[in-house]
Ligand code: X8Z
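Only one chain comes next, encoded as structure tokens, the form predicted alone.
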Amino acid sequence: MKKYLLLAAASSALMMTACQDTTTQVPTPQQHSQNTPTQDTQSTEPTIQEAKEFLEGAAIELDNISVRAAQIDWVNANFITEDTDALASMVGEEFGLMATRFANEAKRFNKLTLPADMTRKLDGIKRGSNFPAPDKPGAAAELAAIQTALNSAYGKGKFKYKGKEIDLGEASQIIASSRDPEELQAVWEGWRTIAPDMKNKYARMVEIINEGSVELGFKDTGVLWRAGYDMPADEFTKEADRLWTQVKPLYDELHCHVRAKLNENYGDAVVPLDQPIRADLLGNMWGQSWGNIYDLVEPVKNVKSIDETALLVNAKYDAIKMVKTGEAFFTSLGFEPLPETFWKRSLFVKPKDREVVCHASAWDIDNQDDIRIKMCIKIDGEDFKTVHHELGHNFYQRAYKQQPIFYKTGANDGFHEAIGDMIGLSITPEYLVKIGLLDPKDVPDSSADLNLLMQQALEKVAFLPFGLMVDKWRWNVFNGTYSPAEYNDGWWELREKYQGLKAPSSRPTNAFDPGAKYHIPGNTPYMRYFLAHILQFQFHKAACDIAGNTGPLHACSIYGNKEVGTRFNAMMQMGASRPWPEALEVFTGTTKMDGSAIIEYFDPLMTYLKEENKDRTCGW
């Protein structure tokens, strides 16, 4: 998604409620405590009419700068040069100055009792952007330059391996396919050589945005981020931990089993059975998903299975056909097709003549119909799912286009990420048959269910603790728990605590391993992905219930069900105009996020894992 999160859209996209009555109006600023900016003393008392006029003017400015910023960022992501970096820095500075100005102006109205809608908009504006610059000369420009430099450094990242300079894509292919622990370690460490030069810039950025957050009345930037979840920051931390507690038993069983299977392959010297797992052995550059080691942990051997990559290749799919197929899923639910501009303006394959940021993303350029994706699509099963995910963003963006600019985002940021992932859960054998990719006679029988669930768990369940710890690390950076000298040790402290993973070797004193993960130098809050992994299963269960599914949750596909599409669209059209529990209730019938759908989905696998692990020593 595009880089600039628009003030209230940046903050009200992070809304979460646990214990409070979600049917009440949004609290007025006086009711907030930890999350409310301090009040300015004014010589004249403002009026409701002045607040209305301020919001009207802010909406016009926001709309104008958001379109221009999106266009510049699009060019920068697709043509990484010194000139496009400079343009991105300039618009970033302009946006930062505007965000600070708006936040300070909005505080004038703190003492007014306003309609809930106006209060909601003003609260979002007062929270500013996720990365606020302090109100002093040069701060916004310095912050914008640092952020552009960090993003570009990641996009241009390369390192030498076996005498050849390779990029992240090439390195990831080795991590995914190799079973040589020495090669895996070398490539894993090689990619992280791009990051040490980011460390000082990142530390300086933290100083700037913390100063900006304090000016807005927040203790630090972590409190600012958590403020948008409609509860005190500490309560949101507890709520995230509650959701993790719900799903942790499933992760623990998966970790134990995967470690045992890796031990069978690599031996005690590489994979001790009483220690965290080496992060380079799991088939993914960051150890966040483990699907590429499926062959080592396949539950049932010699049963018919589905190779989505082979199906796509044999059917002569190209990048465009992959995207057309994803679009067809949404149109089968009753959504209108993507606009012609989408096909003309998106980036689908990696250009051969220039540097681009290949990280998949969905863009809303004009807050109306100019929606796009940016991907370097590969013809494989992973990117087939990613296409569905990114299109989920686009259809969501278009669904709420009639909302005011302040509300043109997800009900909370986890909603946006969950939409497409929910669709991905419907990529079942039944779906593949319906779209002509799979011959009905090749559909596996129920004996293959464990294999399918294991494949899903290696992607979805394995990700959960990583999705949680990335922002827990940032919160500790923002509040000073981790000083710059402790950035890397803190990163691995949390990776071991939550994931049970460790680095393959001692890390250099100058290491900045967080910088080797896109969302850190790219400055994208990460809690959305953890929440999305909770919500996608909750959405999937609700959708399957609407569709009248009577079989196992993991076998349900909602492809072609227009009743689901109608309910789904009703939720998406709300954007962030109401607290997220109200949007959740429109689709699911409940106002509370819940991890129990994950447990139900993977119930057969959980039974299998417990049986496999009964004589093993689990934990780390």
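Please read these numbers as outputs of a predicted model, since none were measured by experiment. Quick note: we count residues from 1 along the sequence shown, nothing fancier.
Only in words, not in the display: the form predicted in complex with the ligand, which the text now covers.
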Can you work out whether Tyr529 and the ligand are in contact in the model of the complex, taking contact to mean some heavy atom pair no more than 4.5 Å apart?
yes
Just checking whether Thr193 would be counted as a contact of the ligand in the model of the complex - the rule being heavy atoms within 4.5 angstroms.
no
Is there a heavy atom of His519 lying 4.5 Å or less from a heavy atom of the ligand in the model of the complex?
yes
Residue contact check: Phe463 to the ligand in the model of the complex, 4.5 Å heavy atom
yes
Sort through 160-168, 294-302, 111-119, 511-519 and report the only stretch with a non-hydrogen atom within 4.5 Å of the ligand in the model of the complex.
511-519
Proximity to the ligand in the model of the complex, single hit among Gln288, Ser332, Asn104, Gln71 (heavy atom within 4.5 Å):
Gln288
To verify the annotation, which of these, His255, Arg226, His393, Arg278, has a non-hydrogen atom within 4.5 Å of the ligand in the model of the complex?
His393
Scan 409-448 and write down, in order along the chain, each residue with a heavy atom lying within 4.5 Å of the ligand in the model of the complex.
Glu417
